[in-house]
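In the form predicted alone, a lone chain appears below as structure tokens.
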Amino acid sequence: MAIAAFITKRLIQGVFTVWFIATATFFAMHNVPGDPLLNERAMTEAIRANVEAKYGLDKPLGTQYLIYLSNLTRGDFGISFTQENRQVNDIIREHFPVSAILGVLAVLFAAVGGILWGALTALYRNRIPDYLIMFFVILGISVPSFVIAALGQLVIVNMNSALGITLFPVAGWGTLGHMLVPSMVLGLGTMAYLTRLMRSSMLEIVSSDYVRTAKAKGLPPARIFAKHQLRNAILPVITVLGPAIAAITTGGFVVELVFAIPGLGRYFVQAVQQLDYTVIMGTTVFYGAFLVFMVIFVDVLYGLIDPRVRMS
């Protein structure tokens, strides 16, 4: 019962959070200067007629908001203002899987690297491996993703030129070679953050009483590391992994643009440039709901791992 009540409470909170995101996005977009309905290059007469009929744009703002919420509860994000007969749902359905695949690979790279490097820096504290890894961690956190993406492309071009073959494609999508470098670039900042988090968590665990007890009992160092240190130190990493997954999956706009990846980020950027309100609102609410879901998922997972969380 306790876990069911915990999940129910988190789901209710999640629903209210998504409603707030949708409401804030709606009113924010209606206060943005400019009007896509007046942009002759972006909207044809057929699109204008469909949009006005579907969203009641000739009605008061409150009525438009109710229509928007009604469509949203049915899972209908609307019709694009700038792409003729193109549903926002279709744009998300077709292009989010690309962003999701890129995000999953980036998360795997970030999680494995963050846990591994963080554990190593804690075990070799104040020694050369610790200094080297933390130096690159600081670089990974400080350097913007678009700079890393541009440098990554430059390295690929020079490497392919030196080898005389195309080891990794410079841009595009479709093969594993297209995915590897963009996923590494996208996950680098998160890996650096997880490394720092894992390091601080491991340093607390190393000096704990139960680790000293395990050493006093004569347990092998590998068993102490795997069963007592790593298992307990990884809990804070799990806590931030859900939001990190959502942030990576939905935050690769720059990387997608640099590497010409046909993900959802490209359409979001185009929608902002063209004031395509329905695409902006639809993708924002979708991203927000996805982030909320991942946070709830991690909270539930953390509650299953550590019952003290749901008790509190």
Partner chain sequence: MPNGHAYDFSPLRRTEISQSQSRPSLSYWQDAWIRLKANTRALISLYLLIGLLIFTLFGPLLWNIDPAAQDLDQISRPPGEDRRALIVPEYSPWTGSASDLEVGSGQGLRLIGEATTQSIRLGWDPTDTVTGYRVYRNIYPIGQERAYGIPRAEFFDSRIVNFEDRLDLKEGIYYFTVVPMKGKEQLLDLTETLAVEVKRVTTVREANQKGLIGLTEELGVGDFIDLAFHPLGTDYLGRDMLARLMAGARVSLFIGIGAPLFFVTFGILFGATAGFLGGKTDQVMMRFADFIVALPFLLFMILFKIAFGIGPGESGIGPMLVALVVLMWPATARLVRGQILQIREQGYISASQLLGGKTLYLILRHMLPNTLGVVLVTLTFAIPSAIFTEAFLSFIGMGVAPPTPSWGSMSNEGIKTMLTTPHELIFPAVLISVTVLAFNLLGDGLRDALDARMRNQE
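Numbering follows the first chain given and starts at 1. Everything quoted here is computed from the prediction, not taken from an experiment.
The discussion below concerns the form predicted together with the partner chain, not included here.
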Considering non-hydrogen atoms and a 4.5 Å limit, which listed residue (180, 132, 143, 123) is close to the partner chain in the predicted complex? 143
Mark residue 153 yes when one of its heavy atoms lies within 4.5 Å of a heavy atom of the partner chain in the predicted complex, and no otherwise. yes
So, residue 273 and the partner chain: in the predicted complex, are they within 4.5 Å at any heavy atom pair? yes
Can you check whether residue 207 is within 4.5 Å of the partner chain in the predicted complex, heavy atom basis? yes
In the predicted complex, does residue 86 have a heavy atom within 4.5 Å of the partner chain? no
Contact at 161, 168 and 261 by the partner chain in the predicted complex, all three, heavy atom at most 4.5 Å: no
Go through 110-118, 97-105, 153-161, 73-81 and give me the stretch that gets within 4.5 Å of the partner chain in the predicted complex, heavy atoms only. 153-161
Can you name the residues of 266-284 that have a non-hydrogen atom within 4.5 angstroms of the partner chain in the predicted complex? 268, 269, 272, 273, 275, 280, 284
